[in-house]
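Given next, in structure tokens, is a single chain: the form predicted on its own.
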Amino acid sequence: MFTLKSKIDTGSEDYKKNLDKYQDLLSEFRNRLNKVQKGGSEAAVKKHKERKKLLSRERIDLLVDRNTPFLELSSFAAYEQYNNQFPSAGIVTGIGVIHGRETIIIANDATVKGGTYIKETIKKHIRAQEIALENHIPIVYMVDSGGVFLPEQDEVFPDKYHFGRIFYNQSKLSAEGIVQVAIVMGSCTAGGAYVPAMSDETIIVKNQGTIFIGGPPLVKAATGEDVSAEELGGADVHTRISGVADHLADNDTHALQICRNIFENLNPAQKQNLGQIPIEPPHYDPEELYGIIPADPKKPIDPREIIMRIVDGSKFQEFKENYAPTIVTGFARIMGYPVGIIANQGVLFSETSLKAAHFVELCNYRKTPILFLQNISGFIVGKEYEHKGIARDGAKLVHAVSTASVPKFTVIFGGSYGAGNYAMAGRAYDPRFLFMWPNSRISVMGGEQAAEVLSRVKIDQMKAAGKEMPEEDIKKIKEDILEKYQHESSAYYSSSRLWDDGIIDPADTRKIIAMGIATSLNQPFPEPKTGVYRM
């Protein structure tokens, strides 16, 4: 492969201006991340610790192998919603390594409203289960929850992807032979009692963990019986009498050690072999990415400058370099793993779509994972392009991306607008993981375009009624729409609603994608299978 050569002058005024701007964005990102990762209020955290319980992230640190990373997902779930009373949606999910096995960890945070579930909590829990199913990796549930958040019951209980879907997914995971281990470290009540009951093995902490379909208040109301939580469903009950739990732990630390012991005896995974080679660091420092992203989001970015700071040795074998230059395609390695890369350098034309679809097919049949680097305003529009069949050719790319059987990974490093989001493996196209950089934007179109389109509709409506809209009214409409789109297209707005798997530091992109690829190798890739392409 050829080593890419950067055209960036890191001593230029433009670079320094971009760097200063991005350092501000990073500072804001890190401050916000630290805040949501603290969990609940100081009083709730203090009360939790007084009960001799570890915090959710402390539990995870003790569970995973030493000196291995934990990739936390969707840290900003529910951010700037519910008056920020549900940091991280009251649940921690992510991927860690336990005895060498990539594992999904789902840990309730009891310091946040008792670990109860709002709709974002459920969405986050279900997304973690989907990742386990897609990648055929085990799950550890750290249960410490009061069940659904009752004031929001209409948003969490009856629908297809509400609370019941968690247990449906557990059944599906079990049927696929995916190991599930539950550690009951606190309350586990109502429907939540099915989490340990449907796991392969369950650990419960004495004088701390409880499991019951109906708690003491409900039992009293329904039967008149007075019973304590421990008598009703404590650790002794479920390890000695009911058999619902399999292992009795003295405390959190002991429970985590039992869980590690279980993993020590699991059968090895059937891996997909990608032919990993020794790792070579990029020739260019990944932290230079901070000065490459323009302070003005309308300025173009050569994606090769991104690629050379992510891939091994900054080496990239470009495919069709001189054809359809608004998309960059080629092969590289990330932390030793082979990967095909598709990156935007402008709008999608017919020839752009055909080039990218061709490249997706190459990766698919060579069983090479694909990394999509999104900075896309959408497909080209206009009479000339419609007559040439842009819809048909764009559909070929959408079709190729949709039916690709190799793992797909998506990083939005700029804008992600309209159907361009779809063609570049947006959330609807099931990438194994989708991450955003702090500067990135996502919406059906840019704010300026939306303001122009919607104000034009209003003007035409007024004209049809024989009226004319004053200039100041037109200006006000545009300003309101622009403000709305500016707010709703931010990475934080997206991550709050789990349209992505998290906001990441650009310099960490290489490591995070490598971890995603490693996670995807826990089962052989399916054979390629495509449908009908409209010629």
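Since we're looking at a predicted model, the values are computed, not measured. Throughout, we count residues from 1 along the sequence that is shown.
The protein also exists as the form predicted together with a small molecule; that form is not presented, and the subsequent description refers to it.
Legend entry - Options 444-452, 133-141, 112-120, 282-290; stretch whose heavy atom lies within 4.5 Å of the small molecule in the predicted bound form: Of the options, only 112-120 has residues within 4.5 Å of the partner.
Inset, instruction - Could you confirm whether Gly177 comes within 4.5 Å of the small molecule in the predicted bound form, counting heavy atoms only? - result: So Gly177 does not count as contacting the small molecule.
Inset, instruction - Verify the contact flag for Leu150: yes if a non-hydrogen atom of it lies within 4.5 Å of a non-hydrogen atom of the small molecule in the predicted bound form, no if not. - result: Yes, contact at 4.5 Å.
Inset, instruction - Answer for Thr189 alone: is it within 4.5 Å of the small molecule in the predicted bound form, judged on heavy atom distances? - result: The answer is yes: Thr189 has a heavy atom within 4.5 Å of the small molecule.
Legend entry - Partner contact for Arg57 in the predicted bound form: the small molecule, 4.5 angstroms, heavy atom: Because no heavy atom of Arg57 falls inside 4.5 Å of the small molecule in the predicted bound form, the answer is no.
Inset, instruction - Go through Lys47, Lys478, Arg32, Lys38 and name the one with a heavy atom inside 4.5 Å of the small molecule in the predicted bound form. - result: By the 4.5 Å criterion, the partner-contacting residue is Lys47.
Inset, instruction - Taking 4.5 Å between heavy atoms as the contact cutoff, choose which of Gly94, Gly378, Gly415, Gly146 touches the small molecule in the predicted bound form. - result: Looking at the other structure, the residue within range turns out to be Gly146.
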